[in-house]
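What follows is a single chain, given as structure tokens, in the form predicted on its own.
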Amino acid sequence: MQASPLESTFELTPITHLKGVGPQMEEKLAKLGITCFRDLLFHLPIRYIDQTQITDVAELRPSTYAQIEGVVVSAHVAYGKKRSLVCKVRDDTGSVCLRFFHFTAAQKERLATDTQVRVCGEVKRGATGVEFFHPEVEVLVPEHEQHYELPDRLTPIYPSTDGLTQKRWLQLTDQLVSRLKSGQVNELIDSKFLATHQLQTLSQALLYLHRPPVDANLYELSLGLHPLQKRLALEELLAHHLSLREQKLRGNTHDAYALPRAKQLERKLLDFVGFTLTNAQARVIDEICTDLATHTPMRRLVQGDVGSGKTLVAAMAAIQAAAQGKQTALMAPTEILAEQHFRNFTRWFEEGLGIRCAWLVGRQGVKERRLQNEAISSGEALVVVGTQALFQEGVEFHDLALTIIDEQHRFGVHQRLALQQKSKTSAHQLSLTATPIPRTLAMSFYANIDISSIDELPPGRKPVTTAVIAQNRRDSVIERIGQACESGRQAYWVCTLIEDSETLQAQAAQATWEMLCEALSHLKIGLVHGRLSSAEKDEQMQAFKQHQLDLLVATTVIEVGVDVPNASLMVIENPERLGLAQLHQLRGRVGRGEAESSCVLLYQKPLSKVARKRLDIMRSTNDGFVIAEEDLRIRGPGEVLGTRQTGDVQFRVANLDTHQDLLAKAVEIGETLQKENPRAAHAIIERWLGHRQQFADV
């Protein structure tokens, strides 16, 4: 590993240069990802214990950490459900038992009667009262009394593996701590930033966290909220942000097809579909077309509320590729959504523009798949719609220039990359999401892409009225559904369960369907859940879309992509079990036509404070951007982003939820640092990420 010009060679010194690290120890440390001094520096304690004082046995309390000194009164092997070594230790105030379930004969011999010992560990309730379970025991030899002075600092407890005791961790880190005092770690953040943001140096933070003073705030340290923990977290978040910015710059060096704007085809499509673009759609299409017209690969995410017209924007992007004889691949997370896109694109492109479309999904038979693959590989089909089947082995594109990922957060990094790799060049990439990204997260975790927002709805879209109703009024809700369906409207009844099980969800939906069939026997009621085959789900969905069904009972499989303009009423059962984003997605299935639409959140008492807050937010707004910000406040960045959206990031120190307030500061420092000192910016990335690629192109 070669040091950056700004990094100290000290940080990259092999761990074997430490005293006591031979081949066996080197192998154990490597299991924890520790191969050089820098890795050990950032291998921080998970907690701290106070060994600076001795506690009287009479003062011991359960669920506390304590240290005592005393004399061994007895030691014997006890036989019960589990064999254990039980040792009784007495001081001037009383006696306590030490219990070891894993022990050796040598250990038993060390604890001979009348031996003076120092014991430290967690105190718990046991068979004899309060007991120490597997404490650390040090035998005190009177003639070596000077060696047993109590430490003047808190004792760190490090994450470990088999064969690495805490004593050994202290021996290893002691060697680094002494070098930290002499300033052998380079400070990569300029002193003016440190002063402006009232930050201490990296060396000061590492020294404190490896060896905190006795008066350190243990509560703050346990929560990761100590200012010096936040100092390290800030630099780590800065490193991740800078890596994304570097990645974007690297992407700008790749070559993609330049796709000049095809305004004539755009006008022809708009005339055919009879749509008038909103100002927001027109603005976003301009941004996309500007990107596509260059050889720099586009990496753009379009966020827009449910029903804002993202599909038409995606079609306009595909036109630019088709006009040059190049292919577009549109990947959707479900077969239902993929088929809906395929039908729209077939009508718009084949009927309106004479451009052939193909599609690939998992359920296709061998013959149909072969025909579709032939159209794709020959270049006859310029627009290809599908699910994950698009990037499977054997699928060959003739000349793929643009990939469109719908509901991009539902795909992992590797899946998105697999589709990209079907292109002979570096394909342009357009991602779509109906779950708007809060501004702070957009700046921090999407710094490698450009973001466009469709922040207005098409004319005529009416807000959905949302009511929050308790389960004890279920009968009146059923009656209301019956009346609405009798008047020619259609409705959804969505069933949820806490357990993430398609089997249990199917059972719940089945039971609800049977209940509603009995209560509303004059209506035609369908059923969709995850246990049905794709063909069965599609059959039910098509019947509902064609108004052969009045009411559709479903699990959350309908969350994305179902477009039935006549459906104007939705009941979501147990909404307290869902997050804001999912509730908003579900609600977006109604209100797509001209009729006044309603959503009933049928909750189960009692509601927690958080659940009540979520339902109140749903009742008060239809704005997905507002809901996204509220979701961030309630759940925190870690939950909102999820591992798929962050590329399965593993942080060493930073915690997205605990250190949310540092994100904006990391962005501010990062943007200035990259302009004023790009070498230092790169060195920070190397320090925290090494050669690991934490974020793939979105």
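Residue numbers here begin at 1 and follow the sequence given. Here the structure is a predicted model, which is why all the values come from computation and not from measurement.
There is another form of this protein, the form predicted together with a small molecule, and it is not shown here; the text below is about that form.
Proximity of V306 to the small molecule in the model of the complex falls within the 4.5 Å heavy atom cutoff. For the chain shown alone, T496 is not a contact residue for the small molecule in the model of the complex, no non-hydrogen atom being within 4.5 angstroms.
For F272, no non-hydrogen atom is located within 4.5 Å of the small molecule in the model of the complex, even though that partner is not displayed.
The closest non-hydrogen atom of R592 lies within 4.5 Å of the small molecule in the model of the complex. With the partner omitted here, the residue from T296, T115, T278, Q510 that has a non-hydrogen atom within 4.5 angstroms of the small molecule in the model of the complex is T278.
Checking G126, P458, G379, G526 against the small molecule in the model of the complex, a heavy atom within 4.5 Å turns up for just one residue: P458.
Per the 4.5 Å heavy atom criterion, the small molecule in the model of the complex is contacted by stretch 311-319, the sole one of 311-319, 436-444, 388-396, 168-176.
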